[in-house]
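Taken one at a time, structure 1 and structure 2 that follow are two forms of one protein chain, written as structure tokens.
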Structure 1
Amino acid sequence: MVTYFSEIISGLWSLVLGLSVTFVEFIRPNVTVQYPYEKLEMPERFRGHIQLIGDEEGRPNCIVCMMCQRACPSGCISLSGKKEEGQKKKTLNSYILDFTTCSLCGSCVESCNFNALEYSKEYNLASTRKEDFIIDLLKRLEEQNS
């Protein structure tokens, strides 16, 4: 009989305690960000899809050593370069990232010894078309430069 009543009382008290917790939360300020209206800054190391780094004149640092292509676990990088007449190094003439299979592991950036690749801060990547994720990084670099 005593346990019967003490359980009712302690049970009710636990409910009151719970209500007090939610009441305190009720008067606390919001913690959410109103996303499309406010945007958060991405941290420095944020991993978006990769992009090329250009030198001062806007040309890519890439020397077409193919290390990134070899390091990529999902084979989503394809690049090609050609040797221009009278120049020692190869120059990049296409760098295509197939973002549909990329898993943002960063092997390519790590394998690059020539400071030619970096992560972008793009996170708003949504589209209804697959082609939007086949990204031409060279074109992107040109757009960034202009």
Structure 2
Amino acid sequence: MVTYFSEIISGLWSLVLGLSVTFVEFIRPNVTVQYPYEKLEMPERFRGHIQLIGDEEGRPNCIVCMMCQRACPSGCISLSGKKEEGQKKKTLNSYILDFTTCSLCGSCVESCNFNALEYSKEYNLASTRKEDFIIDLLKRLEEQNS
């Protein structure tokens, strides 16, 4: 008979503890963001995919030294450039990032000595097609500047 009442008291005590946890969570403020209508502000140190940095005229700072491509352990960067007649340095023709294989390690940004790469603050990359994650960074830079 004593075990019967001790089990009832134990059950009631666990019920009170559960309800107290529920009550404490009930009076706390909400942290949910109503996603399509509200967007999160990314912290300063957020590391999204890489993007090219342009100069004042909108041209990329990249001089096609290929250091970012060599530093990438995933092999997800491919770039090409050519030297125009009368120019001292190469001009960038294409800069392709395959984000499906990128590990976001940051080796490319650290190896760039010409301030040509930075991390983007874009976090909402979602698609069902693989082609949407092969990003032409030079085209994106041109679209940002126009």
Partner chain sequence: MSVPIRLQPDETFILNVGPQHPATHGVLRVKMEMDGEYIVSAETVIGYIHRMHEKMGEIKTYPQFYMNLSRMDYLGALGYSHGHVLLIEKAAGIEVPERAEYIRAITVELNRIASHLFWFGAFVMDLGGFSPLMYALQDREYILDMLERITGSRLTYSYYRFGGLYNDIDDQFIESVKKFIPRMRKSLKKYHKLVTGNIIFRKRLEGNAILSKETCRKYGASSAVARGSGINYDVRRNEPYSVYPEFNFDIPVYHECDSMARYKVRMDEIEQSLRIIEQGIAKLPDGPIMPKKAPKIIKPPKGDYYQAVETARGNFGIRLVSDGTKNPYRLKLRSPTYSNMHLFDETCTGLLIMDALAFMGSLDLVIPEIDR
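Numbering runs along the sequence of structure 1, starting at 1. The structure displayed is predicted, hence computed values, not measured ones. The term rigid core refers to the maximal set of C-alpha atoms that superpose within 1.5 Å between the two forms.
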These are two forms of one chain. I'd like to know which is the form predicted together with its partner chain. 1
Option at the hinge, rigid-body rotation between structures 1 and 2, list 109, 24, 114, 39: 39
Based on C-alpha superposition, what is the hinge rotation angle of the smaller rigid part between structures 1 and 2, rounded to whole degrees? 26
Enter the rigid core superposed C-alpha shift of residue 15 between structures 1 and 2, rounded to one decimal in Å. 5.8
Backbone CA shift between structures 1 and 2, residue 6, after core fitting (angstrom): 8.3
